[in-house]
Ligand SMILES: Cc1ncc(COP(=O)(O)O)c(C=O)c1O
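Single chain ahead, by itself, as structure tokens, in the form predicted on its own.
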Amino acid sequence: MIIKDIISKEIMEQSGYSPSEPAAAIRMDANENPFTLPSSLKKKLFQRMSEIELNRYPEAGAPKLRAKFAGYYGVDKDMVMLGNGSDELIQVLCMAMKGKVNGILVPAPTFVMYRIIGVNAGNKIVEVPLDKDFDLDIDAMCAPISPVFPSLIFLSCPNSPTGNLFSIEKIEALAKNTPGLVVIDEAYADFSGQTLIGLIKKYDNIVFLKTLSKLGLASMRLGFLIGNPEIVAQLDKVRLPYNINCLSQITADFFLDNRQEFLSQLGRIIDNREKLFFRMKEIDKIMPYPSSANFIFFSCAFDSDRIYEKLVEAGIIIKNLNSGLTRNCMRVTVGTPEENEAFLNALKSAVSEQGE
């Protein structure tokens, strides 16, 4: 058997997504909430989990949970579909949206999984560079649009890895011009103080992605797709029947019952983000960019590979983005005050060594 003869050329040629797994390090690369739940809340959650009948399948499609989150997001229950994280929902979209109109359009740089999942599902991908302010280059984005392309435009808002919000006017221009769906991924919207969910009433070709991963429940892998009921009904046919396990369903319900505790952590993260940003601005040869997310994107006056290696040696893991449009750029997740201090000290040391 010759593997290249049975695996698609596009999959053979891509590197895939490989999360780092360092031992005994401060992890500031995955944009997780750095704060765990108080022990009292953990006990309440684990008590609910202990009542699960593990020999039974979870509730298929989680209709009760869908209805509950529909109320949370202010939409009708038939506008919501649950996924095993946003990644599964991206996969569902990439698999389903391949009719006469097909292909995927994305800005660059952005969340890498749009490209990886799109390629894996056999889609044509067109990437368009962001402008100098990391906003959408609307003329360049509209240029490849035709009556048969694309079926999907993915927009991370705030954008990962740059951390900024895209212009609402430009997003609306894409919705008006594309023959397909505009997917607005609001994984980080809770840190921005802004949501565009209201656009769903104005455009029937706008779909939203939400997640609990950034709010402190990354291990539960729970995402939400919100859109036109007719579109959701068709996408629901592609979703696997028991895609949300019992533990995740119970935890999501628990989140709604205790959301003030989770939301209070958001305030702490935003406060730590602003403090971290201004401290980074004080470091010579480092340029952080304003962020509306729970991470900070920054550039270095040196080869970021060398800075990254020094940070790893100091036990700090962040995201090195040193290629193409993000040459000598990196992204650091906002951590606890102690983690942020450790990162700042390690970054100062790394920069100092490069300047010698």
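Given the structure is predicted, the values throughout are model-derived calculations rather than measurements. Start at 1 and count along the sequence shown; that's the residue number.
Below: the form predicted together with the named molecule, not depicted.
Mark T211 yes when one of its heavy atoms lies within 4.5 Å of a heavy atom of the named molecule in the predicted bound form, and no otherwise. T211: contacts the named molecule in the predicted bound form.
Is A187 close enough to touch the named molecule in the predicted bound form, meaning at least one heavy atom pair within 4.5 Å? It does: once the named molecule is placed as it appears in the predicted bound form, A187 has a heavy atom within 4.5 Å of it.
Is there a non-hydrogen atom of S156 within 4.5 angstroms of a non-hydrogen atom of the named molecule in the predicted bound form? Taking the distances in the predicted bound form, the answer for S156 is yes, it comes within 4.5 Å of the named molecule.
May I ask you to check whether S160 falls inside a 4.5 Å heavy atom distance of the named molecule in the predicted bound form? Yes.
Residue among F134, F255, F191, F111 with a heavy atom within 4.5 Å of the named molecule in the predicted bound form: If I apply the 4.5 Å criterion carefully, the residue I get is F111.
Scan R273, R239, R115, R221 and let me know which has any heavy atom within 4.5 Å of the named molecule in the predicted bound form. So the residue touching the named molecule in the predicted bound form, by this definition, is R221.
To test your reading of this chain, name the stretch in 262-270, 246-254, 85-93, 126-134 whose heavy atoms come within 4.5 Å of the named molecule in the predicted bound form. Only one stretch passes the 4.5 Å heavy-atom test: 85-93.
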